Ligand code: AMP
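Before any questions on binding or motion, here is one chain by itself as structure tokens, the form predicted alone.
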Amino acid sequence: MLRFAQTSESIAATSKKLEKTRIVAEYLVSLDLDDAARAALFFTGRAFPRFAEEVTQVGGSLIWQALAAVSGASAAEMEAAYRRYGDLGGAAGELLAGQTESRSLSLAEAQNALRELAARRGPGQKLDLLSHILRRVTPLEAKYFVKILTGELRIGLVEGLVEEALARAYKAQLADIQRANMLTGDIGETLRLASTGRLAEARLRLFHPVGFMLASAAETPEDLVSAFPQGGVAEDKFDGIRAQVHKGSGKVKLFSRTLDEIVEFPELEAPLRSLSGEFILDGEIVGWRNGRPVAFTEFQRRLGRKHAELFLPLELPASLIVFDLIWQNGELILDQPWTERRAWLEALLAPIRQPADSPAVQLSSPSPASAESDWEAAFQAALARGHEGIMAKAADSPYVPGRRGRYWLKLKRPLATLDVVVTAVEYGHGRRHAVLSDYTFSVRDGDRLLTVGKAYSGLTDAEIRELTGYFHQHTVEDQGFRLRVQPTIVLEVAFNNIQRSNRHESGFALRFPRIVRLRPDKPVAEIDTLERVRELYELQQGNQQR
């Protein structure tokens, strides 16, 4: 583990991608195969392979407690260390620098420690083990053990560069490495296959989820005409929970975009199990009532309930809207064009017959589009059906897991914008750890300012640096990571929709807020009000019920 940490330091010290891949490649080939597979996994910032169901369930609070117990540092010293590095790993390396009786941990021991953390139940047991590990290892190893725990290696080494390093180390084609890693969901297994020249043997396996194909954003229907000059297909963009369905050997499992198993919707299993053969589908789980989608802000009440109350599936019925098929009866078909995959999907779902007002499983309804008017009409029709926009797809597009390209584009428009005032700020993460880049904002309610959301995207680095200095000079209360500030900076924020919330003082929360621009021209007295938020919420609810 010490050599891994030292190698990681060397990788972080260079900004040159070729140099990073060289360092990784040379390090991997210097190890035995088992350790090389472990190191490759750790270089991706993961404790476990993508498909694995193991999770450590060790969050920042628990790591913070362990560091405090082992280092003996005060809260102020710990906060100062965190601010210097912007992540708990860097802080751990500094706070534990005085440890003199530590000894090195092997990669196998580090992997076993991560597995034992995942196996232990309850925060108390996990805290005891983590504290023991941090006392045992060297400060540099503690730095990278914590980074792997948090999934934030932050050495400028994305998984794509690890794939390039494998190609270099084992004299393989990068495309073959990428495909094997995509199919297996395990960079360690990919390394083993590459080391013995068996990359072609990589297979997609049922119940090992793969990355979802992602869409890039489009701003206008005109953008879609430019992207698809020969035309394409428009599908409704559903506002729900993306789901990958695996069915085989008499069982069904659903996986989320984070490749975690979805367990909250058991009523979907029977209709999916009734379909013939084995398959992997892509779709979206939405709330469905009276022939229309339920607002996600309402449907999300079903999330996180492994043992939901009996009434919930009746009050908020779920429907899986299927729009792609990537594997069927042992045959990988993601390389086939969308038109062929669609034909196979329609044949597979043909036996499904459900009442129109409450279908448990339904098939998306694409329509051809080429002219700007076609895309605009599809967009307006999707909004009228209660969806959030459209997906535009190239008819000849393959299914590209985990990649965001130009085969699929999404067109959606924000509900509205609000003018708000910043009332609290927080330090960012990574390269923004030294600046105040996360802004909590409020609306007016008479003489009061009530929080309604938080945003961290939309401003330039220069604007954030300038505002950081300003906020330091206008701090009302320094709470460590967070500063309450004088309410003087007005922002215009966009968002997707509004939901009820107990977290914010206003009773509402903006979903997916982003900063449109600074509004130095607008005084705080003229920002939007709680009444306006209520109006937009009621308008949204009315649109979704029509």
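Quantities reported herein were computed from a predicted structural model and do not represent experimental measurements. All residue numbers are counted from 1 along the displayed sequence.
Not on display, but discussed next: the form predicted together with ligand AMP.
Heavy atoms within 4.5 Å of ligand AMP in the model of the complex map, among the stretches 172-180, 326-334, 389-397, 436-444, onto 389-397 alone. Mapping the unseen interface onto this chain, Asp186 falls outside it, with no heavy atom inside 4.5 Å of ligand AMP in the model of the complex. In the model of the complex, ligand AMP sits within 4.5 Å of a heavy atom belonging to Glu284.
For Trp408, a non-hydrogen atom is located within 4.5 Å of ligand AMP in the model of the complex, even though that partner is not displayed. Although the partner is absent here, Glu159 is not a contact residue: none of its heavy atoms lies within 4.5 angstroms of ligand AMP in the model of the complex.
In the model of the complex, no residue of the candidate spot (Arg292, Arg385 and Arg413) has a heavy atom lying within 4.5 Å of ligand AMP.
Put simply, of Val263, Leu214, Ile352, Val476 only one has a heavy atom within 4.5 Å of ligand AMP in the model of the complex, and it is Leu214. For the residues Arg120, Arg432, Lys237, Lys253, the 4.5 Å heavy atom test against ligand AMP in the model of the complex is passed only by Lys237.
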